[in-house]
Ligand code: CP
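To begin, one chain is listed below as structure tokens, in the form predicted on its own.
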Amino acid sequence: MKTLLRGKDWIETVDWTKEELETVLEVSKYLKIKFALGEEHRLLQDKTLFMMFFEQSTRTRNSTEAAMTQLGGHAHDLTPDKMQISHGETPKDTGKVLSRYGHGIAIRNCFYGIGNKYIREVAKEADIPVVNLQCDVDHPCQSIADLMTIQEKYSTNSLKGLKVTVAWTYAPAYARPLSVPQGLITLLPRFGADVTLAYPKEFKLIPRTVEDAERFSKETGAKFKIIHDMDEAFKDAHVVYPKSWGCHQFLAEQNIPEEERKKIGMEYLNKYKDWVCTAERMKLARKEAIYMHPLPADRGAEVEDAVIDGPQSVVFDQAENRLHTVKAILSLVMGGRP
């Protein structure tokens, strides 16, 4: 285990070594046991986390705030309208000022081409650790909880030999971030999973995340492939993770002006209304396959009720693990060994 993580930023999982990620998972398991037994684990007594949300949130906001409370600290729930960001305050100034007041900064900023850069600029200037609560590139708090869930369901730390399908799905809204699928394809191959990424040609991901997925797969001997057929992707999968995302990268490559992107994005969406996770499609996967989704899911669009409410669904186990993993992350980077 790598235990000297105090002060380290949590922005993308690619920034952390596999040993460091394994430490997060081990601490998550320990804190989950403490939670189950009702034992106190006030590891961040009297410490303050500033949470900056540029978008709405249910699981991320509440799991992070609950985590700080249960760890003995306090989380400030901030939005741009509550801060001088709305009046032009720079990320440099925000990072420097909040560093004087507390012990950690957590940010969700999913604006395409902006979020990751903003978080990294705050981190560059801050003297306290910065935690990414989701950006345009990665959603590391989600993907580490997903990894923990898969390990639990298959009773193994190594995912070697497991086929994980990350598939695009139709949904009635265009502007969904790419960060969930990108976080999955860059993390799971590092633990040996064979990852199949499936999407219509217009819904490609940011190239550097695909390159990272290919690099990690080569390093571990895992398989990584991209296909454009949802049925083919589901065949023999141990894990299916169907999730909608926008066509931001494709539209950017086409040099389409921002004001036209929403209209064109909706046109692309409506071309693929048959990309839905149905009970019939689930039959293509293995009998023991699990269905995953970060929530909220568009029921009837992304997935049928029979699937998300069915025996193969583990979505609420995923949601619970968001609490335990963020506790581990915060404890390690805000507390940890002195």
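None of the values given here were measured: they were computed from a predicted structure. We number the residues from 1 along the sequence you see.
Omitted from view is the form predicted together with the named molecule, to which the following refers.
**Request:** Identify whether the named molecule in the predicted bound form is within 4.5 Å of every residue in the set Gln56, Arg108 and His139, based on non-hydrogen atoms.
**Result:** The answer is yes; Gln56, Arg108 and His139 each reach the named molecule.
**Message:** Tell me which stretch of 24 to 32, 44 to 52, 280 to 288, 295 to 303 has a heavy atom within 4.5 angstroms of the named molecule in the predicted bound form.
**Reply:** Selected stretch: 295 to 303.
**Asked** Taking heavy atoms and a 4.5 Å cut-off, does Thr60 contact the named molecule in the predicted bound form?
**Response** The answer is yes: Thr60 has a heavy atom within 4.5 Å of the named molecule.
**Message:** Can you work out whether Arg322 and the named molecule are in contact in the predicted bound form, taking contact to mean some heavy atom pair no more than 4.5 Å apart?
**Reply:** Answer yes; at least one heavy atom of Arg322 falls within 4.5 Å of the named molecule in the predicted bound form.
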